[in-house]
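Next up is one chain by itself, shown in structure tokens, the form predicted on its own.
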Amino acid sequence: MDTPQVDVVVVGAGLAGLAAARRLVEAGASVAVVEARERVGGRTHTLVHEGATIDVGGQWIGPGQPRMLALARELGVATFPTPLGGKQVLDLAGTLSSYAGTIPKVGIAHLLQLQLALTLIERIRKGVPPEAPWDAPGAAALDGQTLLGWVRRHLPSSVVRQLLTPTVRTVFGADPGELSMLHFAHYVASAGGFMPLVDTEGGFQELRLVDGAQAFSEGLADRVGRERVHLGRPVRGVSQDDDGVTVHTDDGDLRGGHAIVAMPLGLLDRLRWAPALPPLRDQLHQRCPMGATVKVFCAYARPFWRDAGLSGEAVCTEGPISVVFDNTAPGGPPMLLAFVTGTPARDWASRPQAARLQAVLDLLARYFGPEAATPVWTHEQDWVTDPWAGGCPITLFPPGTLSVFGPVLREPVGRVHWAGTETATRCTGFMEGAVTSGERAADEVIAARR
């Protein structure tokens, strides 16, 4: 049987892969997109409950993400603001308090330390070029320490250090001790500062999608042409020669003049590469695990937390929950969303299901009252157990990785090009970064074909 031939084979039908394919199709190239899952969307996945959408993967966009806002307008993906109003709950090492705004009430001395931390982070991130963090002054020194080590040296306040943990766990799916300081600084630099990462109003969590975040991938797949998107075809290997690239799948091979690979870095080590990848590229794949995130949704008969003057948002410094949000969607039931992230999420699946849910409900009841213990519907999404993601929300760069192996992150290997939100120079780790990375990879291929 002849191997199907196209100009470009795109591996992965998430936002990055579909954005690349769409750009290539518009440039007149023939394209085949192969995807292991039976759906498009990658780390975005939308379910429907009682007529309302629920994003069990990525779900927010906001100011500072112009490509996603433009794509929402183009595809007709309507947005709505994340619910605000009311006080937030802080569980600081078992002590509960409530506060309004972004900054918890933890005493003037701790607030001064927190402001110092933000000032120091801002100073460091300004020296880190988003397109090449390995070129930052002192990059090797930053990369040789963890975020936790840096915090311990610069911030004596144990309260401030405790407040940092749930924030880092939620944004990265990892604990401060797992992250390189250079990786952290690059992530902040690519977002334009630390506050956009954590703010709701005016930040990256400001808007949600009426039809869910997966609607972006569905719309892009329509633009690419559904006949070009091949679902349920896991890729097992990639071979290339002077004339092109062969992508080996469970359902036969595909041949292209070039290939764009848009998979999480940590999964690329599972593929067979012929010829073998260059050593730096190969070892990059070996060193980049995924973060760990579990999302637990709890729907209720009424929004009792609002009646108590609470926003539905909570921060917990010790876990297993890191943060809670009001996840109510237009036309849907009142809902709370609890994030289990970082260390508690890594072995979450090893606990009995009933015990997992009870641990979450116990904390929700402590934060919002006894009604939180009796939801009418629940759903748990554990991304650590997803074989085609390996975790969520992003790839991690442990100490010593980004400064040494970062220069090959976007560098093509022969006719193989790389996409994915972790390769983005702006809004790395977000949907914005995924789309722009795919478009960048497509532009590389278009230029190479000329």
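The first residue of the sequence shown is number 1, and the count goes up from there. Model, not experiment: these values are computed from the prediction.
Note that the form predicted in complex with a further copy of the same chain isn't included here; everything after this is about it.
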Partner-free chain; cross-checking a further copy of the same chain in the predicted complex, the single residue of R236, H379, H230, R223 with a heavy atom within 4.5 Å is R236
Of Q286, Q358, T167, Q162, the only residue with a heavy atom within 4.5 Å of a further copy of the same chain in the predicted complex is Q286
Q. Does the trio D143, T343 and G400 actually contact a further copy of the same chain in the predicted complex, every residue with a heavy atom within 4.5 Å?
A. yes
TL;DR on 262 to 270, 129 to 137, 304 to 312, 112 to 120: the one with heavy atoms within 4.5 Å of a further copy of the same chain in the predicted complex is 262 to 270
According to a 4.5 angstroms non-hydrogen atom cut-off, is P279 in contact with a further copy of the same chain in the predicted complex? yes
* Interface membership of G406, a further copy of the same chain in the predicted complex, 4.5 Å heavy atom rule -> no
Residue contact check: D326 to a further copy of the same chain in the predicted complex, 4.5 Å heavy atom: no
Contact of R153 with a further copy of the same chain in the predicted complex (heavy atom, 4.5 Å): yes
Checked 359 to 391 against a further copy of the same chain in the predicted complex; residues with a heavy atom within 4.5 Å, sequence order, are V384, T385, G390
